[in-house]
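Shown next as structure tokens: one chain only, the form predicted on its own.
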């Protein structure tokens, strides 16, 4: 492993999003607080999903995970498409880095951005709510898994896209629908049976549900099942990404 080279690429990706923290870190926090204000105030007195858990508390882990995965995707995908459009990706490709080292650096940067957004959202809601933590292991584990999965998916989106509007279409028609329909705002069992079945095919649902279990010790699906499904999805995406990078698909031409 070329540890110094991989660290340099990782540092470059981290500094890239830290230089615009208002856009990459603070904007998701404001968005989460607005969702909390609108949905929480409108439905607080009308919806109770888990016993002993009010709707606002139920909403927060979902919003945290949604922002983490969306920002993890945005980090790796935007970096790749910008490098491709500007033509400077050649400098990364010429560096003595293996495909695995390239993948790890980009994915770790996406995970760090996702976790940072999640932590800041968690801190921002503390003055207003007392959010319990049932299991830090499950909470942190699903946060890492969700961010890594979407960071990997972001690499795929960046590789497949040759223009910014193609990446925007990928995000708007794939990532946003899957994240909004992943149980962030509702329980699986509040849906009609047909939509419950459809939701079970959404891998984002298992990330959100498992992450929520870490806070309340309650979830729609057994956390072990969620971990198995989300973990399998990550492995498949990681193998696909490594294959695409090895082949140089749409980046070596």
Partner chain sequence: MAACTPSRGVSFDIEQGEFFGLLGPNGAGKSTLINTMAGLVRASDGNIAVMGHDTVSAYRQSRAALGVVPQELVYDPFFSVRELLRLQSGYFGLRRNDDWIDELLTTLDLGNKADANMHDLSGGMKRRVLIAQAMVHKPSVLVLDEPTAGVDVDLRQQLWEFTTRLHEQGHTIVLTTHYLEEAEALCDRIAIIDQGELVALDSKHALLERCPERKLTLVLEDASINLPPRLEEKVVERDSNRLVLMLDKRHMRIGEVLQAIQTHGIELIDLHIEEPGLEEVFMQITRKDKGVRA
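Because the structure is a prediction, the values reported are computed rather than measured. Numbering follows the first chain given and starts at 1.
Keep in mind the form predicted together with its partner chain is missing from the figure; the text below concerns it.
Per the 4.5 Å heavy atom criterion, its partner chain in the predicted complex is contacted by stretch 89-97, the sole one of 89-97, 116-124, 138-146, 176-184. Note on contacts: among 237, 25, 9, 229, the single residue with a heavy atom within 4.5 Å of its partner chain in the predicted complex is 9. At a distance threshold of 4.5 angstroms between non-hydrogen atoms, residue 82 is in contact with its partner chain in the predicted complex.
The partner is not shown here, and in the predicted complex the stretch 126-146 never reaches within 4.5 angstroms of its partner chain through any heavy atom.
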